[in-house]
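Before any questions on how it binds or moves, here is one chain, the form predicted alone, in C-alpha cells.
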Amino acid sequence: MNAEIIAVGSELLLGQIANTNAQFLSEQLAMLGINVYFHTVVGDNPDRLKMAVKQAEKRADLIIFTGGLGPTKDDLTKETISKILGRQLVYDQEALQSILDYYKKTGRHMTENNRKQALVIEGSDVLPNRQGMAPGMLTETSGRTYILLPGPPFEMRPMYLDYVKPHLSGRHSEQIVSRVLKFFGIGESALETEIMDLIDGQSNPTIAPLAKESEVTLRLTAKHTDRLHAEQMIDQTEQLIKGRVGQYFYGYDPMTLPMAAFYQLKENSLTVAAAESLTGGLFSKQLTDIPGASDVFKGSIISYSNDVKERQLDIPASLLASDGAVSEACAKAMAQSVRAKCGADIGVSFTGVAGPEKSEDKDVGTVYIGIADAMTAYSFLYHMNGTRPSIRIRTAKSGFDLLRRYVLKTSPFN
C-alpha cells in the first residue's frame, strides 16, 4: 500500500505553523509497513486542492488529508473531496447533537456555521472527534482509500490512533522497521565513502545518510512481515557499518552526545566539572538539561575574561602572557583547576576563538579542549569552520565526545 499525505491550510504555506501532522502520520504508517512517498501541502483553495488530489490518485492508493474540516468559509476539504468523489454532504446526527450539546452546556451562543462541522461525505465511515467538534471520515472507492482528519494535532492524533490505525492494521501485514545510528567526528561525505559499496548494494535494508549540526546519522530501514526478522536484517547491516566506521558511533536516536557522556559518567560513578571560556556555559547548560545531572555534574566556572581565569581558576598571569588564553597550556591548567576546585573526578575546559575576528593572533575556529583527572591533563586542538554560534555548538559537542571517550578509554585515551 502506497500512501500520500495532503495537509490543507494556508497557514502551513505561510510558515505560521509547522506540519507536525505529516511527521506523526508518516511515522505511524511506517510502523504498519505502508509506504509514504509524498507529502503535499495545499492552501485553502478548492481548485489547487483538486489538482493535488488528482495527482495523488495517480501514485497512491491511500490518501490522508489533515485540516479544512472546521466551520469557516476557508475550511473546504470535505466539500472538495465530496465533489471529486461525486457524493453529497449530509449531516451526521451524532456529530450535530454533540455540537449542540457543547454549546448548551457551556452557555455560549452557537453561530449557524458551526453546523457545517457535522457535515460528512455520504456513505463514509464517520470517525468521532472526542477532542473537538468536526468528525473525521473514511471512505473507500475504486480500490482507493480516502481519510479526512482534523488539522489540530490534539484532535488528529487520537482520532488516528483510535479509529484509523486499527482499520489499516487489519489490511496490511508487512512492517517497516527503522533504526537510526548516530556518529560524531566524521563528515557525511567521509562516512559515505567508507560504506559506499553498502549503500550502492542496498535493497532491503536500505541505508540513508543525513548530516545535521556537525553530526551524521544513518537510518537503516528493513521491511518484512515478521518484525523480528526485520530487526535481524538491520542488525546484520549495522555490524557491517560498525566494522568500517564504528569508532565514530556513539548511540541510537534519540540519544544525544550530552546524554551519551552523562550515561557513561553515571555508569562508572564519575563526576565532572567544567571551565568554560568561548562556550560561555553552553556545555554546562546542555548537561544540566538532562534529568539527574546532579549525579555526575559538580559545577562550572565561566571564565570568559583573563582576569577571571586568574582570580577564579588560579591560572598564572605568566602563562597567559607567554602562551595566551587560547593555548594547550591554558586548556590543561583550566581543566586541572576546575576539577580540584569543584571536587570532581574529571575536569573539562574550553578555550578558543569563536569569532568573528581573530584573538591573540589565532584564527577564528581555533579551539582547545582540556580534559584532566587527578594524575594527567590532556589538551586537544581543533580547527573549526562556520559561524560563531556553530563553532560554539560544535565545541560543546566535541567536549561531550571527548568526555565519553575518556570514560570508555577509547581513542585518543587508549
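Remember, predicted model here, so these are calculated numbers, not experimental data. C-alpha atoms forming the largest set that superposes within 1.5 Å between two forms make up the rigid core. Residue numbers here begin at 1 and follow the sequence given.
If you look for the form predicted together with another copy of the chain, you will not find it shown, but the lines that follow are about it.
Residue among Y163, Y250, Y146, F297 with a heavy atom within 4.5 Å of another copy of the chain in the model of the complex | If I apply the 4.5 Å criterion carefully, the residue I get is F297.
Quick one: from T256, Q202, Q232, T193, grab the residue that has a heavy atom within 4.5 Å of another copy of the chain in the model of the complex.
-> Of the listed residues, the single hit is T193.
Tell me the stretch among 238-246, 301-309, 118-126, 86-94 that has any heavy atom within 4.5 angstroms of another copy of the chain in the model of the complex.
-> After filtering at 4.5 Å, what remains is 301-309.
Would A317 count as touching another copy of the chain in the model of the complex under a 4.5 Å heavy atom rule?
-> Looking in the model of the complex, residue contacts with another copy of the chain do not include A317, since no heavy atom lies within 4.5 Å.
Contact between L228 and another copy of the chain in the model of the complex at 4.5 Å, heavy atoms?
-> No - in the model of the complex, heavy atoms of L228 and another copy of the chain never come within 4.5 Å of each other.
May I ask you to state whether T77 is within 4.5 Å of another copy of the chain in the model of the complex, using heavy atom distances?
-> Residue-level check for T77: no, no contact with another copy of the chain.
Tell me, yes or no, whether V353 is in contact with another copy of the chain in the model of the complex, where a contact means a heavy atom of each within 4.5 Å.
-> No, no contact at 4.5 Å.
Contacts with another copy of the chain in the model of the complex, stretch 1-16 (heavy atom within 4.5 Å) = Those in contact are L12, L13, L14, G15, Q16.
When the two forms are laid on each other by their rigid core, does L381 show a Cα shift of 2 Å or more between this form and the one not shown?
-> No, L381 moves less than 2 Å.
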